[in-house]
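Single chain ahead, by itself, as structure tokens, in the form predicted on its own.
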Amino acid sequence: MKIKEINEKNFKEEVLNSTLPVLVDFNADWCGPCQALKPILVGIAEERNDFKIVSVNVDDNDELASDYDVTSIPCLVVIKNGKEVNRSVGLRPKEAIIQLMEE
């Protein structure tokens, strides 16, 4: 599965209405740790098909970032059945991200 870039227009359809649990990566182009996290998330997305992974650029989608109280990035938010169930802030190793998704 590929990581899909999403925005405020398609967030509800892609994330809140998803039948799969969703890992939302709140990030920005200028953020070093965010860029370091991308290849880790791509690796997870290629290995797992029981989760959807999406990317939200906070500079382009500040309302979404505000709705989810994202004050530091990278911020990973796990959403199941339209509700936030877990989150993590900062660069994390692959194993920690998978654990976050499975909790």
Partner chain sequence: MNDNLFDIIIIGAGPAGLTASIYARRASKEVLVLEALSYGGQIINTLDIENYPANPNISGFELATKMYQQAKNLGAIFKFEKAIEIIDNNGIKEVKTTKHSYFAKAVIIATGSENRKLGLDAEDKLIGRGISYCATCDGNFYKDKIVGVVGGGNTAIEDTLYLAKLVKKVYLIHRRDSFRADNATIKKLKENNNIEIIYNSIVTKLLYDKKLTGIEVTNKLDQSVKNIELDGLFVAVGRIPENQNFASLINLDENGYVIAKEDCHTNYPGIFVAGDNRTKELRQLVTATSDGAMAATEAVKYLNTL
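Positions refer to the first chain, counted from 1. Quick caveat, the model's predicted, so the values are computed rather than measured.
We do not show the form predicted in complex with the partner chain, though everything after this point is about it.
| field | Contact test in the model of the complex: T71 vs the partner chain, heavy atoms, 4.5 Å | value | Yes, T71 sits close enough to the partner chain in the model of the complex that at least one of its heavy atoms falls within 4.5 Å.
| request: Answer yes if any heavy atom of R87 is within 4.5 Å of a heavy atom of the partner chain in the model of the complex; otherwise answer no. | output: Yes - in the model of the complex, heavy atoms of R87 and the partner chain come within 4.5 Å of each other.
| Taking heavy atoms and a 4.5 Å cut-off, does V78 contact the partner chain in the model of the complex? | No.
| task | May I ask you to check whether Q35 falls inside a 4.5 Å heavy atom distance of the partner chain in the model of the complex? | result | Heavy-atom contact with the partner chain at 4.5 Å: present for Q35.
| request: Let me know which residues along 85-101 have a heavy atom within 4.5 Å of the partner chain in the model of the complex, or say none if there are none. | output: Read in sequence order, the residues that approach the partner chain (within 4.5 Å, in the model of the complex) are R87, V89, L91, R92, P93, E95.
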